[in-house]
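Before any questions on how it binds or moves, here is one chain, the form predicted alone, in structure tokens.
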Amino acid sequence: MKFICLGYADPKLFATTPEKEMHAMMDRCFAYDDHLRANGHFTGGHALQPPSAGMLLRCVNGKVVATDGPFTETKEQIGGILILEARDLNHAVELISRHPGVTFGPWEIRPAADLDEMMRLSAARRGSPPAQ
């Protein structure tokens, strides 16, 4: 079963942590990612650039409006995603709870939605072949 894991971090933590400590922490994170890969649990993931590098899209009065970042008033911001293969939610929690990245901030773990059947039905209604 796939789980999407959203890692949050306080950007101030990155700005105030001494370089040597940050390198050691990142090395521990990457080593644990390697462990997850070796055991068939890490199926994908990416770090994200800061919110100021992105755009937020909203539908306002029927029109799409794009806004420059940052977008939230929260202390933590999404720093990256990890796609995890686990038996169930408890197993996903167990795996991520050992990830050194949890010291940067909270992680949100959600089961990935399987949209295959919904996509197949939509393709049939539209008269298009299903996406491969």
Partner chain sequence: MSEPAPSDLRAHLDTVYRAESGRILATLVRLLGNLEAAEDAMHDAFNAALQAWPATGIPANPRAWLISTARFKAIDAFRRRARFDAAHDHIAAALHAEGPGPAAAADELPDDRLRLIFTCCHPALAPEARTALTLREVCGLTTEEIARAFLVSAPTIAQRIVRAKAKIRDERIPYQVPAGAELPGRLHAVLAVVYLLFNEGYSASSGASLTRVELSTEAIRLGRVLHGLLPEPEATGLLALMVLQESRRAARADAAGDLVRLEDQDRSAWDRTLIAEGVALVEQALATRRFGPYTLQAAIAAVHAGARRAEETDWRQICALYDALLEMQPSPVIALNRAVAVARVAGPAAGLALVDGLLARGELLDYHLAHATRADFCRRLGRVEDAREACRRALALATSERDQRHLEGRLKELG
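Positions refer to the first chain, counted from 1. Note that this is a predicted model, so its numbers are computed, not measured.
A second form of this protein, the form predicted in complex with the partner chain, is not displayed here; the remarks below concern that form.
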Under a 4.5 angstroms heavy atom criterion, identify the one residue in 58, 46, 87, 75 near the partner chain in the predicted complex. 87
Within 4.5 Å of the partner chain in the predicted complex, heavy atoms considered, which of 103, 39, 67, 52? 39
Against the partner chain in the predicted complex, would residue 83 count as a contact residue? Criterion: heavy atoms within 4.5 Å. no
Within 3 to 37, which residues come within 4.5 Å of the partner chain in the predicted complex, counting heavy atoms only? 3, 27, 28, 31, 32, 35
